[in-house]
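Below, in structure tokens: the form predicted alone, a single chain.
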Amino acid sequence: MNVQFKIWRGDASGGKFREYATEVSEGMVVLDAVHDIQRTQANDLACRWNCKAGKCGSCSAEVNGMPKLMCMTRMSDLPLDRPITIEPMKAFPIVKDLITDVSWNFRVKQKIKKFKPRPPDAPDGTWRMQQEDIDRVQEFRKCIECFLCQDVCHVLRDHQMHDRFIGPRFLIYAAALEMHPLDTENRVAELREAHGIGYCNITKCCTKVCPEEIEITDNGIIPLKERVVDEFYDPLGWLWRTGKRKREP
């Protein structure tokens, strides 16, 4: 069938939606339609993609107002009786058309304390860990850095607080390090201050858009918040730490 599309065209100086129409057949995804429009009607349409298998995270965009991977959004799951809108992610600066500048995310990642393992505990220079401890952090490592969770986060999307909040993707990255059974680094102070974890109000919008179905809020952000509370806001913990410091030589 012939389906109508409204695709945002423009750059950092401005732009607007332009209307296109293309044939949609069974099994097509949104990226297929965009490629067809690019091939037949708009050769200069800028669109970032790579694997077309939902693993590279490149083709992130907003389809009918929802952050999605275009290669994993089936046309059959969309209402085809009205135009399908496709626009770039709103949390990041526009480069051209559907492409945004996500380089801020990589700069943020460099600010997080790196993995610092404890000394090896076996004669052969390796470590011994429990499988259940590894299972806990393995979920976080499924992230493909599509940055859809960053895009839907209202702190970044609506309030543009990129200078004070690292966003759900990097709270999960920090959780993968903090909860690793070998890691000895302490990132709690940075989570509270430089990384702005207090700005997250756990609405779970990031969890809802994650294509890897990572439980970002429940399994990552909330446990990190609990660590911050234990460290800085628990009066009994404060008394215990104060007494411990006084007893130390």
Partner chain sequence: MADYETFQHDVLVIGAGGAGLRAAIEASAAGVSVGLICKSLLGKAHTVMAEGGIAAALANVDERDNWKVHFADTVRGGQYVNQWRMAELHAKEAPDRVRELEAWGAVFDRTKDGRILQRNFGGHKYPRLAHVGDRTGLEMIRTLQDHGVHQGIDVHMERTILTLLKQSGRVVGALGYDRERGRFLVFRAKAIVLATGGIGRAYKITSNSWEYTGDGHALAYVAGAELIDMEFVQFHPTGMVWPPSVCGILVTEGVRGEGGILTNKDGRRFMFDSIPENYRAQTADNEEEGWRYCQGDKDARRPPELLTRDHIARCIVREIKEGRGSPHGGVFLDIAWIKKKIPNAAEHIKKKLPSMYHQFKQLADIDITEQPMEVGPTTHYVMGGIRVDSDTQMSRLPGLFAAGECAAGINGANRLGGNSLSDLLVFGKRAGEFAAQFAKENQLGDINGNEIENVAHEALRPFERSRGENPYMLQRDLQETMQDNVGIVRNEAEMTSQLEYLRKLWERASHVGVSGNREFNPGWHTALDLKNLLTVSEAVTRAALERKESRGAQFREDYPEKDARFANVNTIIWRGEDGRMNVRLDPLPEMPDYLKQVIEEMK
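Positions refer to the first chain, counted from 1. Each form is matched to the other, and the largest set of C-alpha atoms that superpose within 1.5 Å is called the rigid core. It should be emphasised that the depicted structure is a prediction, and the values quoted were computed from it without experimental measurement.
Keep in mind that the form predicted in complex with its partner chain is missing from the display, and what follows is about it.
Enquirer: Although the partner isn't part of this model, could you tell me whether Q130 comes within 4.5 Å of its partner chain in the predicted complex, counting any heavy atom of the residue?
Expert: Yes, Q130 lies within 4.5 Å of its partner chain in the predicted complex.
Enquirer: Is H154 close enough to touch its partner chain in the predicted complex, meaning at least one heavy atom pair within 4.5 Å?
Expert: Output for H154 is no: heavy atoms all beyond 4.5 Å of its partner chain.
Enquirer: With the partner left out of view, is D32 within 4.5 angstroms of its partner chain in the predicted complex by any non-hydrogen atom?
Expert: Residue-level check for D32: yes, a contact with its partner chain.
Enquirer: Contact between G27 and its partner chain in the predicted complex at 4.5 Å, heavy atoms?
Expert: Yes, G27 is a contact residue.
Enquirer: Candidate spot M1, F17 and K204, all three in 4.5 Å heavy atom range of its partner chain in the predicted complex?
Expert: Result no, not one residue of the spot touches its partner chain.
Enquirer: Though its partner chain is not shown, can you say which of M66, I222, A194, A46 has a heavy atom within 4.5 Å of it in the predicted complex?
Expert: Residue within 4.5 Å of the partner: A46.
Enquirer: Which of the residues spanning 82-98 lie within 4.5 Å of its partner chain in the predicted complex, based on heavy atoms?
Expert: In sequence order, V95, K96 come within 4.5 Å of the partner.
Enquirer: Core-aligned, does D101 move its Cα 2 Å or more between the shown form and the other one?
Expert: Moves: no, less than 2 Å.
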